[in-house]
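First, one chain by itself: the form predicted on its own, in C-alpha cells.
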C-alpha cells in the first residue's frame, strides 16, 4: 500500500490552526507549562512544522498575543455605534468587551494573566493593546462630556457653576484608565464565576461608573472635605 496523501492546506490557514491550539494551551496551562509538543499535537501537525512556521515558543506566544489583542480591540470598536447617546455608546462598548472576553476565555487568560506575568517582550505587547483601548474610552468620555455640557448649562444649577470648566484632559485620562482597569478585573471575575453573563458584567460596571461620570459631567463633582488648617506658627 502507498503512503496516505493528505490534502495540502494553505499556509495562512495552517498557521491559524497552530495559533488556535497555542492560545488554548497557553491559556489553560500557562506559558511556562505549555509545551510545543502539546501544541503541535492539538493543532494536528508535527513539532518541526510549528518551528518552521513560528520559529520558537517565544515567537509563537508573541503571535498569539498580537492576534488576540487585535481581535479584542476590533470587537470593542465594532460594538460601538457613534450615532447613539454617550451612555449607550459606553454600554455597547462594555457589552462588546465582556462578550468577547467571555466567549474567548483562553485568549483573555493569555492577555490578562500570562503575558503580563512573564516580562518583556510579552508585557509590552499587552501594554500597547491596553493603551489603544484606553484612548478609545477616553474619546467616549470626552464625547459624553460634550453631550452633557449644554444640558448642564441650560439648567438652573448652571448658576452654581458659572465658569463651567470642561473636564481637564488629565482627569479624563484618569477616568479612562480607571474604567479600563475595572473592566479588566471584572472580566477575569466574570470568567471565573459560573452564571455571570456578559450583559450582567456590563451592567455591573455601568452601575458602578456611569452614575459618577454622569454627575461629574453635569457639573456635580464629588469633592473631598476641606483639610483643617494646620497649627499656627508664631
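Positions refer to the first chain, counted from 1. All of these numbers come straight from a predicted model, not from anything done at the bench.
Beyond what is shown, the protein has a form predicted in complex with the DNA; the following relates to that form.
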query: Heavy atom distance at most 4.5 Å to the DNA in the predicted bound form, all of 81, 85 and 142; finding: no
query: The unique member of 196, 178, 188, 45 whose heavy atoms fall within 4.5 Å of the DNA in the predicted bound form; finding: 45
query: Partner-contacting position among 36, 209, 173, 203 - heavy atom within 4.5 Å of the DNA in the predicted bound form; finding: 36
query: Close approach of residue 67 to the DNA in the predicted bound form, 4.5 Å, heavy atom; finding: no
query: 4.5 angstroms heavy atom contact with the DNA in the predicted bound form for residue 182; finding: no
query: In the predicted bound form: members of 56-78 within 4.5 Å of the DNA, any heavy atom; finding: 56, 57
